[in-house]
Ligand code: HEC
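For reference, the chain that follows is the form predicted alone, supplied as structure tokens.
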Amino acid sequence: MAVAIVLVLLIVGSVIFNFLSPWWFTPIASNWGTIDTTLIITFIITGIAFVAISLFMAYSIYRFHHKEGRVAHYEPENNKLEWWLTILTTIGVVAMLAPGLVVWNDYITVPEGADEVEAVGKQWQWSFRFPGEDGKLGTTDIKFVSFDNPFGINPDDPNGQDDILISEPELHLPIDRPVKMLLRSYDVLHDFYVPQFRAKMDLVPGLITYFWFIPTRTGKFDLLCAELCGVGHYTMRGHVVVDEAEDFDEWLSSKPTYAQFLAAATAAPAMTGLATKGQEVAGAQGCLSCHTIDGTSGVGPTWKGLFGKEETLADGTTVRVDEAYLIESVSDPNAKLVEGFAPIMPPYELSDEDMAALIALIKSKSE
């Protein structure tokens, strides 16, 4: 009797908690209200099944509890009950799956005239690319990724010369315009997820995945990686800012094109042979996955202006970035952790020659 009462109380409490829970859906900021509807249908069907099965358990415990002299009735088959269970289960599964298939079809059927935006994921940061005046994104290939071409754009593709590059993890979008998100990964599985958009999709190495949506209200929303992608997964965050059209155009016009990026790299002071070798070391060790060279934010401190700088450490002390500090930071990254950065860098064992080349490269970005 007591167990049956506890079960009933759990059922009632669960239903009340469902309706009064503070952890309900976040306010939606895109056109994908149909995804909310699909989830609510699933909650209703599974909720009904949970209540029905739990109440049946409570009834059975009360009605058929052990009693002296009571003998269980053995009934190995009940065709009528089996047919009812099969029919009801089939209806429930179809009712949960069918809306999802309809929504998925809408989710990947991009309307004509949608703006194209590429999101690039790599351990553990986001970057973005917009088409330029020609309205076409240039082709890319992992073989083109280099120190001076971090997006891997084909330098021989004329459509890529005016592509607009966003190196920082903040994406701006105009309100009330359909957007086709093209998703590309440099290394491992990632997932582009903005909870308020109800939209997410995996980034699969070697493939271009996509989905589309329409931002419906202005604001700044968290961009998360929703696929475990390594030790720094929890730091792979960014923002999507939905602007009015005028504000978006002003923001986009302030960003460099691929041609301007190349021109700036060409116009930079010539590096020494040792610094040039440092580029090869940085590329081989994956340093540029976390450290930027243009001053934009990244998973680790930017190398622009780093050498000779006074850095504040996580413990509140300060340190001057010199050769000794850089050597220690490469071999034992957590010995003097810079404030505001996560302890995710693994230790590296570099030869004296490679270490000197890497330091020469960092110095060249501070001149």
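The first residue of the shown sequence is 1; numbering continues from there. Note that the rigid core is defined as the largest set of C-alphas that superpose within 1.5 Å between two forms. All values reported here derive from a predicted model rather than from experimental measurement.
One more form of this protein, predicted in complex with heme C, exists but is not displayed; see below.
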query	finding
Check all three, Q285, L306 and S329, heavy atom within 4.5 Å of heme C in the predicted bound form	yes
Proximity of H65 to heme C in the predicted bound form, heavy atoms at 4.5 Å	no
is_contact(P22, heme C) in the predicted bound form, heavy atom dist at most 4.5 Å	no
Distance check, L137 to heme C in the predicted bound form, heavy atom within 4.5 Å	no
Proximity of S289 to heme C in the predicted bound form, heavy atoms at 4.5 Å	yes
Contact stretch among 240-248, 289-297, 212-220, 164-172 - heavy atom within 4.5 Å of heme C in the predicted bound form	289-297
Contacts with heme C in the predicted bound form, stretch 119-150 (heavy atom within 4.5 Å)	W124
Per-residue C-alpha change between the shown form and the other one, D332, threshold 2 Å, rigid core fit	no
Shift of K304 between the shown form and the other one at or above 2 Å (CA, core fit)	yes
CA of I61, rigid core aligned, shift of 2 Å or more between the shown form and the other one	no
